[in-house]
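Here's a solo chain for you in structure tokens, the form predicted alone.
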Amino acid sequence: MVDQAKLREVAREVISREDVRLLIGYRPGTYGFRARPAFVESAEQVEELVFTPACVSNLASYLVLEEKPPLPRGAEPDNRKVAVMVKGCDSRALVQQMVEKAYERDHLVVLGIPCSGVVDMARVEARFPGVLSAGSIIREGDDFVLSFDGKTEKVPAAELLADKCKRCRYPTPLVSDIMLDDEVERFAEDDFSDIAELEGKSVEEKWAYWAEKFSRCIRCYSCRNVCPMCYCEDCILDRLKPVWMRRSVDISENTAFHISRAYHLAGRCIQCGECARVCPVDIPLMELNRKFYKDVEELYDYEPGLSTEATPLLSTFSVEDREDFIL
């Protein structure tokens, strides 16, 4: 686990640089075990920075929200760099955003955090319900240690670990300027066993399964808004001329929305799981995304977010590409 004193020392040095205007990191939340994004603009603010297993958010999403034009009248663009703390899975979002030319590499200062896993906050809060005062979570060997309300509880890490961490192939950031800890070895190979049951269903069973899931959707757009790869300034799903889908919350329009998003993320989703994490009605969106991810990997031997030298999947063509799956 990253040493907090070292983290703050490095952050202080970075934010004090004349060519850096902002550092995006984590700070403790206001209640329970949660951590929240921190936007540090001065050396005095670095004391609030932390990194713990509660730092589940993918901060890469904020990089593509930075001061998009038009600026206020009379304002000049601030072209100084933005520093950002990233875990291994988060770093893949940076890589893929750069592959897609969302910004240039020299726009960033990347503080890499080799990660031994974050918690599934829903599991934490189910295990310790009703904790309103600020608590904390640290990793000690094979356990998570939770402190709250003047007491301490030790829980086996496997019971609270996020599912994405159990199959993470890239726990050490793939891009960084400053690495804040030693490299973490790959946890496991991803065998996609979590979607095997879904793949084994008949077409009719799959439709019934997703119809029930999508019928819950309230079209809050949290999944889209949190996704680091959903950063189009003009989302086609919002257009009124022409109208691609209606605003009504029903199974037809909900299905169109989620299938459209899944196809938009094919060859782009970096498996951070943020969409499923923030969904207020618990739609298992990563099952859909991971099916697409598996197919892309098997059909095209392609994984997004691994190299800034890569070419986006859907902008490539080879006469050797398979065609036997085309109807």
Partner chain sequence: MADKILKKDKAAEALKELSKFRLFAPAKSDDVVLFRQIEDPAEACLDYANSTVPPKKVVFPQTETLFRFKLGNPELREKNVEEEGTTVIFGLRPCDARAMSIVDNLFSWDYEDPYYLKRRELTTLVGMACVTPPSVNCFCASVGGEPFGTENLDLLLVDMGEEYLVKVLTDKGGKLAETIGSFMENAPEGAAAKAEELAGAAREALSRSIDTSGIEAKLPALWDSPLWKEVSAACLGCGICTYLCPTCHCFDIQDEVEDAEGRRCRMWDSCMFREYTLHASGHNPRPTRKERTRNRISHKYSYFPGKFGVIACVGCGRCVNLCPVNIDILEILGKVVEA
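Residue numbers count along the first chain shown, from 1. Just so it is clear, the structure is predicted and the values come from calculations on it, not from any experiment.
Below: the form predicted in complex with its partner chain, not depicted.
Colleague: Name the stretch, out of 111-119, 218-226, 173-181, 96-104, where some heavy atom lies within 4.5 Å of its partner chain in the predicted bound form.
Modeller: Flagged stretch: 218-226.
Colleague: Considering its partner chain in the predicted bound form, which of T152, N79, S193, S248 comes within 4.5 Å of it through any heavy atom?
Modeller: When its partner chain is considered in the predicted bound form, the option within 4.5 Å is S248.
Colleague: If you check in the predicted bound form, is V281 within 4.5 Å of its partner chain, heavy atoms only?
Modeller: Because a heavy atom of V281 falls inside 4.5 Å of its partner chain in the predicted bound form, the answer is yes.
Colleague: K213: heavy atom within 4.5 Å of its partner chain in the predicted bound form?
Modeller: Contact check for K213: yes, within 4.5 Å of its partner chain in the predicted bound form.
Colleague: Any chance G141 has a heavy atom within 4.5 Å of its partner chain in the predicted bound form?
Modeller: It does not: once its partner chain is placed as it appears in the predicted bound form, G141 has no heavy atom within 4.5 Å of it.
Colleague: With a 4.5 Å heavy atom cut-off, would you call E233 a contact of its partner chain in the predicted bound form?
Modeller: Looking in the predicted bound form, residue contacts with its partner chain include E233, since a heavy atom lies within 4.5 Å.
Colleague: Looking at its partner chain in the predicted bound form, which residues in 30-46 have at least one heavy atom within 4.5 Å of it?
Modeller: Contacts from 30-46: T30, Y31, R34, R36, P37, F39, E41.
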